[in-house]
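Included below are structure tokens for two forms of one protein chain, each presented in isolation as structure 1 and structure 2.
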Structure 1
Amino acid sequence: MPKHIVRLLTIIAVLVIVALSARFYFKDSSFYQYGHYRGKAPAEIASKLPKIQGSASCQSCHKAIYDEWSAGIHRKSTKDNAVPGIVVKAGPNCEVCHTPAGNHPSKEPMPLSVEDRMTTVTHSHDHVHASNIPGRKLMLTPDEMRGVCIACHEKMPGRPSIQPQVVINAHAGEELCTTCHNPHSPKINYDKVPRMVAMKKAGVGNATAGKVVSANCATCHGNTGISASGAIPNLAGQKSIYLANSLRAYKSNARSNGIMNAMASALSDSDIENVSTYYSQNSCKAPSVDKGKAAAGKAKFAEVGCAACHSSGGLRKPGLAGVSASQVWPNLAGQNAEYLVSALKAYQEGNVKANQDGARYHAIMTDVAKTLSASDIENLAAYLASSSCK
């Protein structure tokens, strides 16, 4: 055989051997173990950690809200109609609205929420501050907030009739869904949702009739609601619904104060509405305070996030500090500093069960107040007292 053919065949042989050994070397050892794939692959795929943790995982820390949800219509275990015998869970669980928990709570706060701010306030040592994460929004805009609800509840051709649906603008105008509905248990129960009790009775008071009733209060609270002493709260310009709620709370002894319990017990329901309306229509007057304390208080007010409730614009668009956006929450601007101090201290001492001996409990206020030092309280009170109340 000619020399060039021999050499050519040699080269081909070498190439074939190289190719075969390359195949042997590069082939994954687990390939062909179960079939035409890497035998390691299924375990690799299965080893990924779930990001959606399920509602049960929320229960241990958010027990109150979990109970609220699991008792309501957003969580129904029903006997399925279409398929006899199967219990199918219906209704959104926590992560449908709050987005998947992922690393929460060990590393991340939950992304969606008013709670976002609240958790960072109440558990500030355990959480990364949401506001420190670039690109993260603190709260949802009103449109986004409604978007969460209308994703399922907007009236739309194709939605089965069993699904509750609304034409959102006709149903609620510009109002937020959460004004009337508790998203965790959205069916409105007028007896159990305090806000709704107030809503039902809002604006029924008669200011003229209220002025007559107010004669009983004038000794302490002044003729128009500017009180005689710093320890006694000003009532002029206060939210009428807040005032009425407070009087009802005193009347039922839900809130304890020797004098007020006695005074409120003498008032009828219409008296309460009338006197609240009367005071709410009077104009307030800001007392003078220490300016240094007020400046320190202003910083603390922003840090703690009081504006979420006690500002006319909320956290989204801060407006007048101490003037609440909601009828349910009290105005603080122009309130007596001494009274504010005692109120905050009362919240600090409050706990879930005890609501007596001057102590007050409120799910949010107590948690917030416990993060404050005595000087913080003085400063905040000074700042709020000095703020414009109109």
Structure 2
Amino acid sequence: MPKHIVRLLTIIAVLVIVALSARFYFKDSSFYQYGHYRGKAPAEIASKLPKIQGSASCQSCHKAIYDEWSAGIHRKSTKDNAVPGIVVKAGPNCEVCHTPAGNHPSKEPMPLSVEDRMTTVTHSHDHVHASNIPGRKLMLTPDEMRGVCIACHEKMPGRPSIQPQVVINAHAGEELCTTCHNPHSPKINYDKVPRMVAMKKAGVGNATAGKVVSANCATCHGNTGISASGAIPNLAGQKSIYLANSLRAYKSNARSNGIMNAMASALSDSDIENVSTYYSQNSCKAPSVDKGKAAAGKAKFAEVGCAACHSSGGLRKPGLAGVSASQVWPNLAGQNAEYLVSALKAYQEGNVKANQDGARYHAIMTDVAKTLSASDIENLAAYLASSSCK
């Protein structure tokens, strides 16, 4: 064999030996530990990123909030279920919503923390928070906050019934969840519910055109929205956005009523806006009711917290009783007492699966209605029917 061939083969052999030796000596010992991966990589990555610390790590600096959360429905469960909980049975808990704490406090913000949403180090050695940082952002946007809540609470097939579920648009429109709910203990405390705000400007339709459309509704709801039968709801003085949303729900069969589904299906979007605006601008007529029942209903209205949603001022400001503070919620003032009684009884029978046998379900209304006796319902209906909607 020629010398140059021998030399070439020798060089190749040496290179192969060097390559194999390099692979042996320089390969990380954890390579291929878990398939085609380096086993030590996750630990190294985790050491550079925020790590789960558990809720106990939050307690020393955030004691008041921690105690509030611990006593609420979002609390941690014990492993033996002696104390039931909702979010998780064991593990990070606070970090389910706030993300891993890692070496917090640090430069990295805790996404939902009011006091830690910042862009630079603000915790000194004695844990005093800086408050004079230009552009400091303390809260997530409403859309971001809603996203956290609906990740668990938006109604969808297969989700366990123990986990409260709502149809978002029907529940509160575009309002921020924290308008009514404390995220650490989200069952509504009616004493702390602020005044609700309207989501959109009312009266976007043409009332004159709406009056023409309303001729098709007059048989049941009267010429101006004052129904001839006490079993049929008055529409006069109702929120235009609530009426429009209701008609759209009937049109899409999201709400079921044979007559209303047929009537709404014939309406265009502009017809819906126009007729809703027409009815909203009319004045309701407060019927005569039993004054004793109305007085008892007024007391019950305050007791069960109806004013939180169905008063123009909420609980923190004076307002008209039965006139809802949000455009997406119905006015109850001046409504037919018979209709209000049937509606509250339907909510009592409501369930999360379906509106069966005339039952109605709403995450708040069903819970409230179940606390009412038959006489409570009669009294509340009398009080609201006697209230003015303007």
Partner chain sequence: MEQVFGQVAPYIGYVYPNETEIPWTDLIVIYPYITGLVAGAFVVSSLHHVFGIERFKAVSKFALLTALCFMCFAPIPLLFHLGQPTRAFEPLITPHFTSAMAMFGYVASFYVCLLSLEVWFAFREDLVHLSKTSKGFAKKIYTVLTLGSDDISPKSLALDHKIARILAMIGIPGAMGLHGYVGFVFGSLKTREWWSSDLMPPIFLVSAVVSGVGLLIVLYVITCKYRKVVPDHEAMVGLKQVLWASLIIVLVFEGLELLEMVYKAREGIETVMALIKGPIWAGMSIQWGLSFFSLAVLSAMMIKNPQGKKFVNWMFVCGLAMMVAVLAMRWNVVIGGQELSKTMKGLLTYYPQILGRESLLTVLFLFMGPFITLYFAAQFIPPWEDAKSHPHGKAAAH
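All values reported here derive from a predicted model rather than from experimental measurement. Rigid core here is just the name for the largest C-alpha set that superposes within 1.5 Å across the two forms. Numbers given to residues start at 1 and step along the sequence of structure 1.
Trainee: Of structures 1 and 2, which one represents the form predicted together with the partner chain?
Mentor: Only structure 1 fits here, because that chain is the form predicted together with the partner chain.
Trainee: Once the two forms are fit on the core, has V341 moved its CA by at least 2 Å between structure 1 and structure 2?
Mentor: Shift at V341: below 2 Å after core fit.
Trainee: Could you tell me how many Å the Cα atom of L20 shifts between structure 1 and structure 2 when the rigid core is held superposed?
Mentor: Residue shift at the C-alpha: 72.8 Å.
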